[in-house]
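Shown next as structure tokens: one chain only, the form predicted alone.
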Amino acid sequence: MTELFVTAIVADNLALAFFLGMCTFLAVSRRVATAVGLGICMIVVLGLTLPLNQLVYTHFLRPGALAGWGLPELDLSFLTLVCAIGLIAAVVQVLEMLLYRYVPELFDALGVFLPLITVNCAILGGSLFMVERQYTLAESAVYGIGSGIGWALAVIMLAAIRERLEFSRIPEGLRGLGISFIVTGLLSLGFASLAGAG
């Protein structure tokens, strides 16, 4: 389990190895405080949705899952994508209501990006990787939390670098997203070297 956890953070980093969730990754990485808030949200959402999606897939969608109900040939795996998105949307909606009620500053700081977590391809990608790799419930929870931590770590590192770059003399053609793409590529290479792929 420890190896799966570390692999999810470093080698299988959803942002830096698979480049999933880049829209929110680049948009929210202007300030460290906002990046930390979104990173925590990603940890919570990935940590909750991956095990929940694993349960739904295992008990209802995979081939033969409904054999106990007298439907052994029924294969509902084609609904995996739709069910995963629906479950993610429900979890994000609950998280949004909790933040609105208990942490309104973070709710305001995240703005439109909080509802966009619902369609964040990093979360959906994590769920689909979990199904493809046939993780157990415990492995899904470990992978979900590890993936969330990896994504959060990457966005916080990018935000910290981008805050420092505001005081640097960057050529005009590279300001804004240009330098952000370069920094993201360098972070990706750093994570790949930690994973032994470089």
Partner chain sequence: MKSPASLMRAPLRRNNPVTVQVLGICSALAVTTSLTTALTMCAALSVVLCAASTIISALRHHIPNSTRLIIQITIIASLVIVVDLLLKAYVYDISVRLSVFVSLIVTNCLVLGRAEAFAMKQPVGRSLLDAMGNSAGYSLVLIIVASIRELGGSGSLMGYAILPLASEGGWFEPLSFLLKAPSAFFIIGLLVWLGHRRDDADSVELPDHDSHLVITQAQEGRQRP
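Here the structure is a predicted model, which means the values were calculated and not measured. Numbering follows the first chain given and starts at 1.
Omitted from view is the form predicted together with the partner chain, to which the following refers.
At the 4.5 Å threshold, heavy atoms of residue 171 reach the partner chain in the predicted bound form.
Taking non-hydrogen atoms only, residue 66 never approaches the partner chain to within 4.5 angstroms in the predicted bound form. Taking non-hydrogen atoms only, residue 26 approaches the partner chain to within 4.5 angstroms in the predicted bound form. In the predicted bound form, at least one heavy atom of residue 78 sits within 4.5 Å of a heavy atom of the partner chain. Judged by heavy atoms within 4.5 Å of the partner chain in the predicted bound form, the contact stretch among the candidates 66-74, 140-148, 47-55, 26-34 is 26-34. Within 4.5 angstroms of the partner chain in the predicted bound form, the stretch 67-99 places a non-hydrogen atom from each of 78, 81, 82, 85, 93, 96, 97, taken in sequence order.
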